[in-house]
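In the form predicted alone, a lone chain appears below as structure tokens.
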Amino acid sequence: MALVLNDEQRMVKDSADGFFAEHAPVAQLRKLRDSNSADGFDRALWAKMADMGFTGVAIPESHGGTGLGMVAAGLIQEAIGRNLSLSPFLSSAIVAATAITRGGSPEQKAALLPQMAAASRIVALAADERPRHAPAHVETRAEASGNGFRLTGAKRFVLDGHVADRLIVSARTSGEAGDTDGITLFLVDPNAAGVSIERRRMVDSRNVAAITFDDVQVDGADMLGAPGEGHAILEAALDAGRACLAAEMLGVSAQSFDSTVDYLRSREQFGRKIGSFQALQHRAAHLFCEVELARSATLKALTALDEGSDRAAFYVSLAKAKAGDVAKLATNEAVQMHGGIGMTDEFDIGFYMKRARAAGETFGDSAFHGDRMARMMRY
């Protein structure tokens, strides 16, 4: 299979590149950070993304989306990475939309997906409980109560959890922490009695939430999928998010490379453009090759998800690990080749370094995905 974009995908790429460069550049991130925005993103921009069809990219047309698939979603996320644009695109339009599309009942899909595609409702996944990503380590309990369940437990690093209109919560109806069997997903109203949400800001100016559930009542109709079989839905949603994070880190890497090359062409030292120094040329050439390798791995993962390949999870982990390592290399090299000014707030490159670190850890770092691939290969 040739890893190239078709005409429709190239149109999505051109549209996303132009949109985010115009409406959500790094300057907007600075503004939101400095103004101490309550939401952490611009709701007017979120509405414009819906008008562009971006928020429905992972939602079928039958439920109000555009149904363009994961390659298109990745192209949008890459443009987001290039511009460090802030929005709930990853958390709601990709991860949560995938979970509901895969595991939701007809009633749940009809109630949620059209509103999510229209950007009038934000849904966030609450899965992680440990300091590092471990989606099967679920200690939150769901105890049968009347015609539903009562949830008790806590979640960490819930992307955009402080602005979510609904939460998708993983809880254990049977088994022990670490078991893949016995995990059940529930749709929870964040305003329900017993739900406590604490907003936390990450180093990259994005927002997560720490959420506790204290005897929270949910109905049986709020269950997403079959009882005890939520792990497969959870992994499908996470893999969609991981592949798009790889695409975002590709955008971070590519923009870091482009900005560095521009700086090498303009900065003078000892009466010469520093881009003429062979040592810096070698480093730039090596970085270019690494970015292109990450691009191939990411496109393969996104394509495998669209095709429903039984190897999709492997390719997703490969892309997430590779893109994370390359983003770290690209931003490190960018700061180094900018010199000491690279770490000042005046220059944008430091923002890219911070985002590369946070995105690399989200939904599993390189070590997590290296181990995951090894297990798939039965090492």
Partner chain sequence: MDEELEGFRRDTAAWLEANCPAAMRQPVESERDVCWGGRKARFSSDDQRLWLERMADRGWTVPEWPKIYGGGGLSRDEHKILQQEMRRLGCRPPLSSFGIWMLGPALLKYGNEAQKLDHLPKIARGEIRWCQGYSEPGAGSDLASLRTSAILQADGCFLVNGEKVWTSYADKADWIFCLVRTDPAAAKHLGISFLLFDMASPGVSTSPIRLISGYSPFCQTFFDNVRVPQENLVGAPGKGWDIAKYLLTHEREMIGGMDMASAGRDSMHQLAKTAIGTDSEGRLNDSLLRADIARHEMNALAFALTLERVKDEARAGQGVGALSSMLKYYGTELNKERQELLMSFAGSDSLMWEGPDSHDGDMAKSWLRSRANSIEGGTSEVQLNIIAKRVLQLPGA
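Residue numbers count along the first chain shown, from 1. These numbers come from a predicted model, not from an experiment.
Quick note: we don't show the form predicted together with the partner chain, though the next part is all about it.
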Of 159-167, 178-186, 284-292, 117-125, the segment with heavy atoms within 4.5 Å of the partner chain in the predicted complex is residues 284-292
Of R141, R200, R130, K273, the only residue with a heavy atom within 4.5 Å of the partner chain in the predicted complex is K273
Review point. Honest question, do S296, D325 and A374 all end up within 4.5 Å of the partner chain in the predicted complex by heavy atom distance?
Key: yes
Any non-hydrogen atom of I349 within 4.5 angstroms of the partner chain in the predicted complex: no
**Prompt:** Counting only non-hydrogen atoms and a 4.5 angstroms cut-off, does I59 reach the partner chain in the predicted complex?
**Reply:** no
Exercise. Does the partner chain get within 4.5 angstroms of any non-hydrogen atom of Q278 in the predicted complex?
Worked result: yes
query = Using 4.5 Å between non-hydrogen atoms, is A321 touching the partner chain in the predicted complex?
reply = yes
Taking the partner chain in the predicted complex and a 4.5 Å non-hydrogen atom cutoff, the residues of 240-264 making contact are F257, V261, L264
